[in-house]
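Read the single chain below, which is given as structure tokens and is the form predicted on its own.
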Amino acid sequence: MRVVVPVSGSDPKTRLSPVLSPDERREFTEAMLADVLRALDAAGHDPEVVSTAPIDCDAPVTVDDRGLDALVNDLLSAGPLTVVMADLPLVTAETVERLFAPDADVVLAPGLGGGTNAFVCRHPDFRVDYHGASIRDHRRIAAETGADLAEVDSRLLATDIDEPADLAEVLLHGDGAAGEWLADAGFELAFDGGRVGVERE
């Protein structure tokens, strides 16, 4: 089964612009991607990266500037496919194994904000729609195609990094390249009596 990691290599993670420059956002994206690739490799898979622009990583890279839906649906039309997003720096090999464990046509890993952070598809008719609350749409599409569906309830797979507040999760729970990058860039945890945040030296 092909295992693909899509990533925006041209102007990644724009919602981190309040705390990271364009060059820093690209470097941090590459660090998160490295963590995802490491977990997939440790779980015995050979991931491929599909990026909107050339990107530095330890995996084969295909540059494709189509939108995510068009790209993934084209890949799905060619056969069984696993997609794991590149902004999941907490993912471990054990988490990846949990994603592949269910014997179902479609396995979904929901994101905390209603997205779909990863999936395994063994059904020829399943297609994706990443707009809006995609996890709800993907449940519906699986049902409409008659696919047997399973979901993986995993905090590590559910935690994608989009907003400045999300960086605290990497510093709290990450032990890979993304956490090291943040520490080297001067980020540290901040405690203000409420939710733990981050600050930069």
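Note that residue numbering begins at 1 and tracks the sequence as displayed. On a predicted model such as this, the values are computed, not experimentally measured, just so you know.
In what follows, reference is made to the form predicted in complex with another copy of the chain, a form of this protein that is not presented.
- Just one of 22-30, 35-43, 132-140, 63-71 has residues with a heavy atom within 4.5 Å of another copy of the chain in the model of the complex, so point it out. That would be stretch 132-140.
- Message: Val7, Val49 and Asp56 - do all three of these have some heavy atom no more than 4.5 Å from another copy of the chain in the model of the complex?
- Response: No, because Val7, Val49 and Asp56 lack any heavy atom that approaches another copy of the chain to within 4.5 Å in the model of the complex.
- Task: Decide whether Asp162 counts as a contact residue for another copy of the chain in the model of the complex under a heavy atom distance cut-off of 4.5 Å.
- Result: Taking the distances in the model of the complex, the answer for Asp162 is yes, it comes within 4.5 Å of another copy of the chain.
- Message: Can you tell me if Arg122 lies within 4.5 angstroms of another copy of the chain in the model of the complex, counting non-hydrogen atoms only?
- Response: Although another copy of the chain is absent here, Arg122 would stay clear of it in the model of the complex, with no heavy atoms inside 4.5 Å.
- Task: Look up in the model of the complex whether Ala150 has a non-hydrogen atom within 4.5 angstroms of another copy of the chain, and give yes or no.
- Result: Result no; Ala150 lies far from another copy of the chain in the model of the complex.
- Task: With heavy atoms only and a cut-off of 4.5 Å, decide whether Pro102 touches another copy of the chain in the model of the complex.
- Result: No, Pro102 is distant from the partner.
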